[in-house]
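Next comes just one chain, in structure tokens: the form predicted on its own.
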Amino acid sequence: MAVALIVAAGRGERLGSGRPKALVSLGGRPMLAWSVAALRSVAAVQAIVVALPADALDGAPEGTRAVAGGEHRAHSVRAALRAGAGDPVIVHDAARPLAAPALFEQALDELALSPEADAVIAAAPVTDTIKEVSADGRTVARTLHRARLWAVQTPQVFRRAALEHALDVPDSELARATDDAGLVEAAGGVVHVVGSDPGNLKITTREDLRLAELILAERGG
């Protein structure tokens, strides 16, 4: 049975709130509560561990286990992984509160059906043209082929041994990581992709929060 790790230790300064981002109200309840509710609808999930700021552990929803997050994202994932038994492991950002249960199930199914894969990530095809620029940010070095570019999201699902191995690196290396699947790739693992729900936006600014409120209203949530 799977264990779900929700990364919720961000302070959310760009939201302009005095509380952790995951506890900011969305649709009448804390943002974190939406991800917890979605995961509780996934039959394979046996436990949910939430990595929160050390001074906000009482904000974890009932029935979840709270752990203190680290200074950087991957540190929070490692702390949560150590606190929760289960295999495979789902990692999800509380900042993506609109992920539907079906997206978690799709990622779990892909991992189960792909014995060669160590992880499966939700991602969306890039629609903008992407250019690589010089170190000074002034000159275009090359234009990347958009057809093969995907914007990485969460949830991400891992075989436990692969994630444990990927996280067993010095703290300085974890501090540079922006994506757990990237650590698995760096360790030689195979990562598959599933297409994401268009509504699986990441909330970073007040504008994102307002958009999420509109999406919830359209869903009747």
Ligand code: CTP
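In case it trips you up, residue 1 is the first one in the sequence shown, and so on. All figures in this text were calculated on a predicted structure; none of them were measured in a lab.
The protein also exists as the form predicted in complex with the named molecule; that form is not presented, and the subsequent description refers to it.
Engineer: With the partner absent here, would R40, P155 and G199 each sit within 4.5 Å of the named molecule in the model of the complex, counting heavy atoms only?
Structural biologist: No, because R40, P155 and G199 lack any heavy atom that approaches the named molecule to within 4.5 Å in the model of the complex.
Engineer: Quick one: is A95 in contact with the named molecule in the model of the complex, heavy atoms, 4.5 Å cut-off?
Structural biologist: Judged by the heavy-atom cut-off of 4.5 Å, A95 is in contact with the named molecule in the model of the complex.
Engineer: Do A8 and the named molecule come within 4.5 Å of each other in the model of the complex, heavy atoms counted?
Structural biologist: So A8 counts as contacting the named molecule.
Engineer: Does R14 reach the named molecule in the model of the complex if we count a contact as any heavy atom within 4.5 Å?
Structural biologist: Yes, contact at 4.5 Å.
Engineer: Any chance R73 has a heavy atom within 4.5 Å of the named molecule in the model of the complex?
Structural biologist: Looking in the model of the complex, residue contacts with the named molecule include R73, since a heavy atom lies within 4.5 Å.
Engineer: Within 4.5 Å, heavy atoms only, one stretch in 186-194, 64-72, 168-176, 40-48 touches the named molecule in the model of the complex. Which?
Structural biologist: Single hit among the candidates: 64-72.
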